[in-house]
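The chain below stands alone and is given as structure tokens, in the form predicted alone.
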């Protein structure tokens, strides 16, 4: 939780965003700002709209009104590959690894040069330093990894694309407590290296260990946004809309 925010130009800004699954509307005027270098968490229970917001930002859903802006550049309606090239990395909830490829091959698939010299490029050596368990498994097929190891690999592969912003969708979901602690440590390390992070979570306890700011979403609408500390201390809000 050590990133330095730039209040003048958020790394990521969402204004009045509407999104649809077919004819069914799923987001209703979502507003969200992610300051540069910060860790911001989108909090809500299952079905609240967290993953939907991530997919809408990445261009994976049909959009209605609203805009998505990355580092001052509007990317609304762009296909996912263009949003990625604009500097946004995406770690989906499903931990989509290439099961038939080794750990190292998964990393090579995700490799892309950075578009800026302001950040040190991610290499397989750097991601192995960040995720030591993967170094010992570099030749193992990704489909043979545990759930926690697959989560590490998915994050590591995303980092190999050298994004300036990374979207982490439910990174603690379904993992053992010791692995959740490891993921929290990794997120804090990324923040300390000035990577901007937006993560979606329903686990408030996990979020308080990693996030600077938070927004609570319910039924596709942002209810409140502020500092993580303020939202974590709001017992009425937690009891009504969040998982302890």
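Numbering follows the first chain given and starts at 1. On a predicted model such as this, the values are computed, not experimentally measured, just so you know.
There is another form of this protein, the form predicted together with a small molecule, and it is not shown here; the text below is about that form.
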For the three residues 26, 50 and 170, which mark the spot I'm curious about, does each lie within 4.5 Å of the small molecule in the predicted bound form through at least one heavy atom?
yes
In the predicted bound form, which of the stretches 29 to 37, 177 to 185, 204 to 212, 51 to 59 has residues with heavy atoms within 4.5 Å of the small molecule?
51 to 59
4.5 angstroms heavy atom contact with the small molecule in the predicted bound form for residue 105
no
